[in-house]
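Here you get one chain, nothing else, as structure tokens; it is the form predicted on its own.
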């Protein structure tokens, strides 16, 4: 006779996965498609199938597949583009811009970001998501770094910090999208030196 102590415990149902876990899985699946095949490969059908989720869930969280692709790209690149904060602006900028150049020139990331920028010109939802999840936060992080440097006396008090952001990262995007000149780490170092030292003879 089997006693109650010998009975196996009742099996628990699988239940629903936590929303954060589902969202992370969807973003991973979208990033894999994006980096493997480009922005046009990121469709709700394909992402839902790869993530083991439902299209209803995807539609609930993202207004379009383009918006999902933009957030997936940010999630993929966020760690790589962390901004160092050693208290030395030139060293921190050089490290960050070099990391950015490596991200754009190694593997599939450069063509992917170029594709996202291209599609964003005619897809307002992707454009808004790109700004919200990627370019906006990156710009805010750079601006915060420049404010600290200005407060430390490393930058002029009257400098336009927004233009400084455009000079540095905009130049990298320019060489990515219009490849008349190579996008290299040597270029990144020279870019920082030019921006911080200026072009005028002193």
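Just so we're clear, the structure is a prediction, and the values are computed from it rather than from any experiment. Numbering follows the first chain given and starts at 1.
Beyond the structure shown, there is the form predicted together with a further copy of the same chain, which is absent from this document and is the topic of what follows.
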> Going by heavy atoms within 4.5 Å, which of 63-71, 48-56, 162-170, 26-34 lines up against a further copy of the same chain in the model of the complex?
Replying inline: 162-170
> Within 4.5 Å of a further copy of the same chain in the model of the complex: all of 76, 125 and 144, by heavy atom?
Replying inline: no
> Given that the partner is absent here, does residue 21 sit within 4.5 Å of a further copy of the same chain in the model of the complex, heavy atoms only?
Replying inline: no
> Applying a 4.5 Å heavy atom distance criterion, does residue 102 contact a further copy of the same chain in the model of the complex?
Replying inline: no
>> Would you classify residue 114 as touching a further copy of the same chain in the model of the complex, given a 4.5 Å non-hydrogen atom cut-off?
In response: yes
> Would residue 174 count as a contact of a further copy of the same chain in the model of the complex, using a 4.5 angstroms cut-off between non-hydrogen atoms?
Replying inline: yes
> Quick one: which residues from 104-142 get a non-hydrogen atom within 4.5 Å of a further copy of the same chain in the model of the complex?
Replying inline: 114, 115, 117, 118, 121, 122, 127, 130, 131, 135, 136, 139
